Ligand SMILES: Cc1cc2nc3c(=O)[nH]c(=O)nc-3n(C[C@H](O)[C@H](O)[C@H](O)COP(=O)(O)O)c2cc1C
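Only one chain comes next, encoded as C-alpha cells, the form predicted on its own.
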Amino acid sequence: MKLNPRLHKTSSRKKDHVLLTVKKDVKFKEKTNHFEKWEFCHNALPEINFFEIDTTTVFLHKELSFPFLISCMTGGYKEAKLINRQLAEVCEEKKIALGVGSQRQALENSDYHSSFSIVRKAAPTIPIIGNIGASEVAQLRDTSSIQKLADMIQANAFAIHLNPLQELIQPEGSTNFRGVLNGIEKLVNKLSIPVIVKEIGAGISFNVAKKLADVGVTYIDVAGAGGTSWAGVEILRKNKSSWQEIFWDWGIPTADSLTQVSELKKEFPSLQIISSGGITNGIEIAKSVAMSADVVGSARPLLQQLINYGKKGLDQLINDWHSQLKGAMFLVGALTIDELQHTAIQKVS
C-alpha cells in the first residue's frame, strides 16, 4: 500500500533526525550544560570500600543497576526497528531504562508499529517509556489514542515532549501550543501509567515545572541546553541559512534548569526529576544526582556509539559511565545513591 504523502513526511523526518544527530555536528555552539560550574568537595578520607558501593535505584517501580536512562530518539521508520531492538537489548542486559522516540507516526498509520513494539520484546523487564509531542496533546479529544500507544510498547510511563523551539524552526512544525497544559492534565488523570513531561534540549524553568506539578505531573525531565540543539538539527534539515539560525543556542543550561526544578521538591516531595541535556560522562551523572535528580538521561552520544561501533561499543560506553559514577561516589564518600543525593555540591563560577 502506498503511503499518504503527508504520512510519509513524518516517517522521513524521523529518519532525517537520526541521521543528522549521528553524522553532523548538532551540538550547541557556545553554550554548555553548565555542570562544569559545579564541583564536589574531594573527600581524602572516604571511609568506604569502593567494591561495596551500591548504585542500584528504583525507577517506575523497577530496579535499575544505576540511575540511568537512554532517552527518547528513535522509531517510526523502517531502519529504526533494528536500532530500537539493539538499544533495548543493551538496556535489558545493563538493567537501565529506555525511552522510544516520538510515536506520532504510529498515530498516523500502522506501517512501522513494529519499530516501537520491538523494544518490549527485546527488553521484557526494564522500564520502557512511550513518547508523543505537545502539539498532538493539545489537540486531544480523548486519551484513548495515547493509551493505545502506551499499550503498543507495554510502557511503564508515557512522556510528553515540550518542543516549542523545534516546532518554531521545523519547516512543517506546529506552533499552536494553546491547550497543551489542559491536555497534559487529561493524560495525568486518565492514563493507566504515570506521565513524564520533558523538554528536548531547551530546558524547563521553575515556573513551567510548577504549572506541571500543580496539574498532577510527578515526573519531570528537565532536558536542558548544552547537548543536542534541536534548533540546529532543523536548521540543517533546511540546508539553507535563515533568520532562525540565531536560535541555535537558545535554552536553559541543564544544570541551571535542574537547580530551578529541584526547588519544587520542597512543595512536592513525591516529584521525580530526570536530568538530561548534554550528559556525556559518569561525573555529570553523579553531579546530577547530588543536585536532586532521581534518574539521568542521555541520547545522542549513545546512539552515535551504537551506530558507529555496534552493541559492544554501546555496552562499553555504558560500563565506562557506570564506573565513572562509582568513582565519583568513592571520592565523595557516598556508599549509595541516596547518600550521593545528600552529598554537598557547590557552584564554583
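Quick note: we count residues from 1 along the sequence shown, nothing fancier. Given the structure is predicted, the values throughout are model-derived calculations rather than measurements.
This next part talks about the form predicted together with this ligand, which is not shown.
Chemist: Any chance residue 300 has a heavy atom within 4.5 Å of this ligand in the predicted complex?
Modeler: Because a heavy atom of residue 300 falls inside 4.5 Å of this ligand in the predicted complex, the answer is yes.
Chemist: Find out whether any non-hydrogen atom of residue 230 is located within 4.5 angstroms of this ligand in the predicted complex, and reply yes or no.
Modeler: Answer yes; at least one heavy atom of residue 230 falls within 4.5 Å of this ligand in the predicted complex.
Chemist: Determine whether any heavy atom of residue 18 comes within 4.5 Å of a heavy atom of this ligand in the predicted complex, and answer yes or no.
Modeler: Answer yes; at least one heavy atom of residue 18 falls within 4.5 Å of this ligand in the predicted complex.
Chemist: Quick one: is residue 198 in contact with this ligand in the predicted complex, heavy atoms, 4.5 Å cut-off?
Modeler: The answer is yes: residue 198 has a heavy atom within 4.5 Å of this ligand.
Chemist: Scan 101, 127, 253, 194 and let me know which has any heavy atom within 4.5 Å of this ligand in the predicted complex.
Modeler: After the contact test, the surviving option is 101.
Chemist: Can you say which of 89 to 97, 222 to 230, 264 to 272, 181 to 189 gets within 4.5 Å of this ligand in the predicted complex, counting heavy atoms only?
Modeler: In the other structure, the partner sits against 222 to 230.
Chemist: Can you name the residues of 132 to 161 that have a non-hydrogen atom within 4.5 angstroms of this ligand in the predicted complex?
Modeler: Heavy-atom contacts within 4.5 Å come from 161 alone.
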